[in-house]
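Coming up, as structure tokens: structure 1 and structure 2, two forms of one and the same protein chain.
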Structure 1
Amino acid sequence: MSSKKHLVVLSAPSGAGKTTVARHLLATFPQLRFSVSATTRPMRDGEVNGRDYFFLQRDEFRDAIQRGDLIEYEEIFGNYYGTLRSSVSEAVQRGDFVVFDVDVKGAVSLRAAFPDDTLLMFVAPPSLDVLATRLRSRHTETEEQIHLRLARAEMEMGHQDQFDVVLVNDDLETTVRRAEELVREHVEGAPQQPSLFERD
């Protein structure tokens, strides 16, 4: 029985470390592609349109909804975020594997859309205090935005049991190693240990 999954979905409260984990997986596994979402939030320093997100105006996003271009979308922190049908279908048709960075509701929607093909990973912070420290050290949000993200984090933590795996991101090295093992097991479909015959 093959356990191969083509869609690796990472979710976490904002600041828990899923972008860091996603970047590591993409750098480690050449067959993985990132699903570039559409969003109406402003671009952060260092972000690139078309690489990190497709940055749209609100009316452009609404048009995309109307045309049925999105597999799922949510309004988060006052902005729209959504998964483009094109980024998933083109990659899957090529036989590539796709990594998603979406919120918990997006993850559940992706599982509903592709029930047999998703591996859902939840990246949890060791505590809400640590989450607050990481968000502040990232220097990408105002204090008001950080408060909004922390308030939402509690809701997101309550959805952990809907995921296949929960990675508590305390030590980053341990977290990325475990994420790599999971991709080897479920995406590459390779056994983690040599079989008895191979060891002979």
Structure 2
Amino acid sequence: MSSKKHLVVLSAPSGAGKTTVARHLLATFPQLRFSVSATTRPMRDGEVNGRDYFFLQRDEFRDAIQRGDLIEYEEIFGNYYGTLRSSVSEAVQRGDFVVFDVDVKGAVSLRAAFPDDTLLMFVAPPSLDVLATRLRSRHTETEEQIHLRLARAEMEMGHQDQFDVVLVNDDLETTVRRAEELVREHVEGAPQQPSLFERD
């Protein structure tokens, strides 16, 4: 049995499916909870402050940086994203199991801060062409923004070797089943609900 990991960290290029995988794991394993990141980007329809993100003003975020309150942070496409150090430290101390949905640099920073407690999973698209199709199908960004995301995706995919496992999301059911297996392996004794694919 592998040593217990309290921090399940998912990273992927935008549109590769990491948020879907994260939500599936949270629904399947009741003891997992979602780590809420801080961001300065605008709230999208359906999002809730404190559930999806902590939505901060830029000056609030910069103050948090100056105080050293963030394990990691980065400016992506004009907005800041980061992970609050206090919430992660408290979770590890309590023995909580936490799922993170972060960029590749954030994942590496979490591993550096909590080397014995992190399981890093990279969700990769089958190809950049497939990723481009997925991004365009969302109809949430301009073509220029999509090109920027694809350029960033190429960079992110170059960091796959820093992760414990790479899940190529060609088939969603296969991808989430493999993610479930990894959580069962590394989160010792994690109680599990029936898989969403096995429910009525």
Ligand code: 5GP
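Just so we're on the same page, residue numbers count up from 1 along structure 1's sequence. Here the rigid core means the biggest group of C-alpha atoms that line up within 1.5 Å when the two forms are laid on top of each other. This is a predicted model, so every value here is computed, not measured.
In this comparison the chain labelled structure 2 is the form predicted on its own, and the other chain is not.
Superposition on the rigid core between structures 1 and 2 places the CA atom of V108 less than 2 Å from its counterpart.
With the core superposed, S89 shows a C-alpha displacement of at least 2 Å between structures 1 and 2.
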